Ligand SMILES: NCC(=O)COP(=O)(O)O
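Consider the single chain below, provided in C-alpha cells and representing the form predicted on its own.
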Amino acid sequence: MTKLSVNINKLATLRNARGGNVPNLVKAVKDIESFGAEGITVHPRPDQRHIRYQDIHDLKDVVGTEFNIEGNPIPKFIDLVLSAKPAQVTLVPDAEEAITSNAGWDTIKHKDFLKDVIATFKEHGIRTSIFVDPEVSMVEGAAKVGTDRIELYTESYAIGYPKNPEKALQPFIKAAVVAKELALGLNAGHDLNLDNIAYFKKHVPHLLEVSIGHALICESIYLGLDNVINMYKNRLRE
C-alpha cells in the first residue's frame, strides 16, 4: 500500500494568522497519526511564514511515524535537518518568494551540488528524496546524484486530470517505470486531492508515498480530519 504523509504547513499557517498556539501542532501531529497517517511532512521556508524552525525541534521527538522535512538545501536548512535527523529529507528548489513549490530540480544542471548535499545527509543516515518534474532525463539525472528516492511534482497531472486523465498521467507512468529500472524509490505530491488520487495510484506503478497538505486540510474543513485521512487511505488501497 502507498503510504500517506500529511503535510501540516496549512495548520501552521492558521496558527500564525492569530499568533499563539492554536491549532497546537504537537497535538495535531499526534491526532493525525492516530487517525491513520503513515507520515508527517513539514516544509519550512526561510521567512517561516508557516512552519517555523522551532516547530521542527518541537516535533522531532513527537512524530512516531515517518518524519519528512522538505525544503531548499540552503545552509540553515541543512543544519536544521542534521539536527532533527528525520526519516527522510526531500530537497525542493523553491525560491524564497515562491508561494508554493512550482518546479522540480534540473538534476543535470545541478548535479554536483545535489550530489554533495545528498552525500551529507546520507552520511547521517537520513533517507534522501529530490523533487523532480515527470521527465525521463530528470529521473535519469537523479539516479546519478545518489538520491534514494524521487518525488514527482504532480501539478501538471492535477491540472490535466479533469479534461483527460489518461493523457495527463502518461509522463508520470514513464517516469515511474524509469525510476524503478534505476532502483529509485518513488514518492509524489502537489495538488493531489480526493478527486484525483485514486486514478493516480491505480495507474502509476511502484508508488511508495504521497505527501498531501493543502487539499487534505481544506477537505477536512467540510468532512473532518479523521474522516478525510481515512478516505485518502481507502483510495490508496484501490
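Numbering starts at 1 and runs along the sequence shown. Not measured: the values here are computed from a predicted model.
Just so you know, the form predicted together with this ligand exists too; it's not on screen, but the next bit is about it.
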query	finding
One stretch from 55-63, 207-215, 23-31, 170-178 that, in the predicted bound form, holds residues within 4.5 Å of this ligand by heavy atom	207-215
Partner proximity in the predicted bound form: residue 41 to this ligand, non-hydrogen atom cutoff 4.5 Å	yes
4.5 Å heavy atom contact, residue 7 and this ligand in the predicted bound form	yes
Partner contacts for 58-83, taking this ligand in the predicted bound form and a 4.5 Å heavy atom cut-off	70
